[in-house]
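Here you'll find one protein chain in two forms, each presented separately as structure tokens under the names structure 1 and structure 2.
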Structure 1
């Protein structure tokens, strides 16, 4: 009888401990760390990403898998030299369960290192540097946006299809820019074109006159440019002011005109770009997203908002699969990698390397809208060079 009583007490104790754990688990908030630019040329992009992420959570009652969330945010200043220290503040001081960042590719590379060193889930909501889901790929690393290769390769294909025989490229001299022009060259030259020369401007310099003068002298059929944010506004305006828009066709990956059309005004009209999203994508999913975003923030969303929104969807898919227990990291990450994301851009899945496999649209700048006029390349997967998970 004594043995039975002891056993009964043990069972009650275990049950009580389980209930206590469940209660604590339910009370704990999921800690989300935003490491994004909130100052400088990319500030508007960081805000749009955060807005998009929070919109999805708000649409789901402000919770993920019935757990409250708590946000931590840090201005990364688009400065790679501060990125390791900044990321460690979110991971070690704030104990975040997931890192969301960043826009600048150099910062994203540092984030990837910190995430791998500390076994924290990272979702990159913009930076397209290939190594994140290439040579540095890992089970805890994901991207909700694109790879640089995807956006520029598709534009190279389009430029050749438009009959352009020669081209030059202009970008900042940094890793994302170099990857963009290499991918454009691949797409363009595979289809019969020839890139005459790559021109660079030091980051974050926005004095383009000397470079534009050099391009004008060479007289290529087309110029491919990669800039974003405030720099994209000034580049497009300078290009038109120099009169080059009348003699040399300007192409870009979509960031050249995304979120910038109102500021660029007439200078941007008619520019063709390729991207995985277009403002005027007329689908019920995108229309509902745009209405919800505009109602919440009194702003029109852009591709950065979509990428933030989808980062939230991806993480939510993982959290749901583990019933809110974010400590089950392996199961959470497998669920993210297996999910089909119902994105405003069109549904997509992730590659084994963690990068979206998605359609790339051909868009034309019309008024304040990047109007979708076709699909440049359908279901384009990044080659993920160097990724050992393939």
Structure 2
């Protein structure tokens, strides 16, 4: 009897839950799925992206095109091996209308596959791997950040403009590093420079001594380095410790000094980098965004917050165009691709492949800031190598 009773309760509660779901469904909230890192090294980046996204929605009364939104969050742990399973959970269980993710390039590649298989709109708010808006491009795939190519190509241009004739590159031997180095070489050599050699350090080794010795011995005019996070801190410090900062100019794409300046301290002062955002970008749009963000979260925003905010702006442009009817997927996506995004970084449009066509700023490390000191390349589009939609 007791078993029967329990079973009855179970059936009732399942039925009640089912009805509850139907009720929720009747209100038809727009379902937004965040697949971002909430633990591990990239946790702060994931939080900043989510904060940025929610800030835009909040600024618009918590709605997109007059429809309520509902958020679904999942910690992707920056683990590509779990990415497909995780993304499928958001798509198939939570039935999200848009996927926002991720920081790690491997995870973003897996998300691209899931988004294509399930015909869900995907906006990548950070990962710069070229393939997302290159060989794997699709009508439902967008990026609100940058492609790795853009960041390093613009630095190559700058290095040549600064009168450097020869350069060497140093990065980890892995795909992100190779993409960056190739793009730097392209930018530098198009403007008359010559890359003498590409030096590699096995991933994720942070013992740079042997490689730096080799670079010091060859005496190029400049060195382009691609490292981020803890490795960037270590690299810039080792570079200074070896005395190289006095004899060979060090350049990097923004990752070398973004979020790492405090730890790098004196060693990083004066390093020039290029990125689509920087500190002290004194425009009304950026100032308004920074004030709003600081008020809401009691935190200063960074480039990741901007990318999250713009992901929301991009999606909102699509939702608006279909009057809130997110089931009209094609029209929604066409509208995103046609939109001009009024970003804190400066307004931008999307390329046919879905990647921002944006200005790249030249920044100098001063104190704890990457101060914008000019524009390296205006309205730079990613070549979207291998994309068949072009």
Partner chain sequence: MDLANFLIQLLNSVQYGLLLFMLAAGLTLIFGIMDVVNLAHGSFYMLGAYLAYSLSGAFDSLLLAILVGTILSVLFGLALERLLFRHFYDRDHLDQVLLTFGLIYIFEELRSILWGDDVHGAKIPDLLSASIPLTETMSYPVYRLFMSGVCIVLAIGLYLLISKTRLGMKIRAGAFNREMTESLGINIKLIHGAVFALGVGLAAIAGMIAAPISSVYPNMGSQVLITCFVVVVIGGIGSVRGALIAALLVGLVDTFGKVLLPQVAGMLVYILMAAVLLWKPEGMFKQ
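Positions refer to the first chain, counted from 1. Remember, predicted model here, so these are calculated numbers, not experimental data. For clarity, a rigid core is taken as the largest C-alpha set superposing within 1.5 Å between two forms.
One chain, two forms displayed separately, with the form predicted together with its partner chain being the second of them, structure 2. With a cut-off of 2 Å and the rigid core superposed, residue 224 has a Cα displacement that reaches or exceeds the cut-off between structure 1 and structure 2. Residue 291 shows a C-alpha shift below 2 Å between structure 1 and structure 2 [criterion: core-superposed Cα displacement of 2 Å]. Residue 236: CA moves 2 Å or more between structure 1 and structure 2 after rigid-core fitting. When the rigid core is fitted, residue 166 shows a C-alpha shift of 4.5 Å between structure 1 and structure 2.
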